[in-house]
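In the form predicted on its own, a lone chain appears below as C-alpha cells.
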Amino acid sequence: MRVLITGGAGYIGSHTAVELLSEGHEVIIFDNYSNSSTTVPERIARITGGPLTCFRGDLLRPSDLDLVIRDQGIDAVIHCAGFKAVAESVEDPLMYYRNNLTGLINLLDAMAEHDVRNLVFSSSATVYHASGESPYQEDSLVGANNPYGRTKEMSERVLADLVASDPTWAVTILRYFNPIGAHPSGLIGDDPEGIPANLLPYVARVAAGELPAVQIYGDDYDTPDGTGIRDYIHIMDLARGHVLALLENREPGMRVYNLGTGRGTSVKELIAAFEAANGCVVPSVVTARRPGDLPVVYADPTLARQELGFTPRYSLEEMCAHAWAWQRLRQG
C-alpha cells in the first residue's frame, strides 16, 4: 500500500513509518516540522534501508494536502499530526482547536476529493471520562477534561458523523495510553521541544544531567506506593498497532480500539525500572498533586488482541533501555 502519514516525522508517525516500511509498504511523510526534526526522514531511511517520500506542508493549508493526495496515488492515510501537550492546550485552547480540528477537516475534504476513504486516526485515552474506572474499555464513558483531550473527542465525533453520512468510508480510531521508549537502534525517539511534558523523556533528561530532578506530582494516592499508575506501552508496539489497524481497515464502517498493555506501572516503579535497566541514579522530588490527575489509568486491550492480533512485545525494562539509547544519541 501507499500510505500517507500526517505528522510522519513526529514521535508516533516516525515509528509507524519504520514499521510500515519494514512490512514492505510505501510511505509518504507529510509534516510541517513544528515539533519534529528535519533529520528524522533520513534516520528512518537508515533504519529501514528503504526509500520514503517526504513533503513539507501544513494541514491548515488545504492546497498542501490536495497536492500530495492528488499526485502520490495514496491508498490510505494514518493521521498522527496534531498538537498534543495538555498544559499548553489549557493555556492556548484556540490554537489547539484550530490546529487539531480544522486540520482534520481539511484532511477529510482532500481525501474525499480524491476518493481516498481509508483512514486510521491516532486518538488518545484522554478522551475517557475521569469518572470511569480502570481498565478502560472502548465503550467506557467518554468526556475529556482538557482542551487537548476535547479536540480528540470532537475529532472522533466528526469521524463518526462522516461514516454515518457516507458508509463508503473505512475509519479506525486508536485510543492509545502512554507511549514511551524509542526505536531499538536509538536513531529515533521522543524529542519534544523544551522541557518534556511526559514522564519518561523527563526521567531520561534528568539521568543525563540536563534537568535536576524528576517531579513526582503527589505520593498520597490510593495506590501501593502512593504515586499515580499509568499504562506505558513501547512506541514500536504502538506503531505496530497502527499497521495492524491499517491492514484490517478494509471494510467500510468505523471501529475503535484501545492500544495499551493492560497493566499499570506507578511513577516510582518507572523510575526504578529506568535505573535498573540503565545502571544510573535518577534524583526525584515529591511535589503537590496536579489538578485533574487520576490515581490509576490503564487499558483493556482485549478487543485489539481479538480483532487485530495486537499483543505488546516489549517489556518495561526494554522501554527504559531504548529511551536511554535515544537520549545518549540526541546528546551526541
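In this text, residue numbers run from 1 along the sequence as written. Everything numeric in this text was worked out from a predicted model, so none of it was measured.
Below: the form predicted in complex with a small molecule, not depicted.
- Stretch 197-205 is the contacting one of 197-205, 181-189, 134-142, 160-168, since its residues have non-hydrogen atoms within 4.5 Å of the small molecule in the model of the complex.
- At a distance of at most 4.5 angstroms from the small molecule in the model of the complex, none of the three residues 4, 26 and 55 contributes a non-hydrogen atom.
- Proximity to the small molecule in the model of the complex, taken as a non-hydrogen atom within 4.5 angstroms, holds for one residue of 118, 100, 124, 223, which is 124.
- Comment: the small molecule is not present in this chain, but in the model of the complex one of 244, 256, 107, 86 has a heavy atom within 4.5 Å of it, namely 86.
- Residue 96 falls outside the set of residues with a heavy atom inside 4.5 Å of the small molecule in the model of the complex.
- Interface residue remark: residue 72 is not counted as part of the site for the small molecule in the model of the complex, having no heavy atom within 4.5 Å.
- The small molecule in the model of the complex comes within 4.5 Å of no heavy atom belonging to residue 61.
- Taking non-hydrogen atoms only, residue 293 approaches the small molecule to within 4.5 angstroms in the model of the complex.
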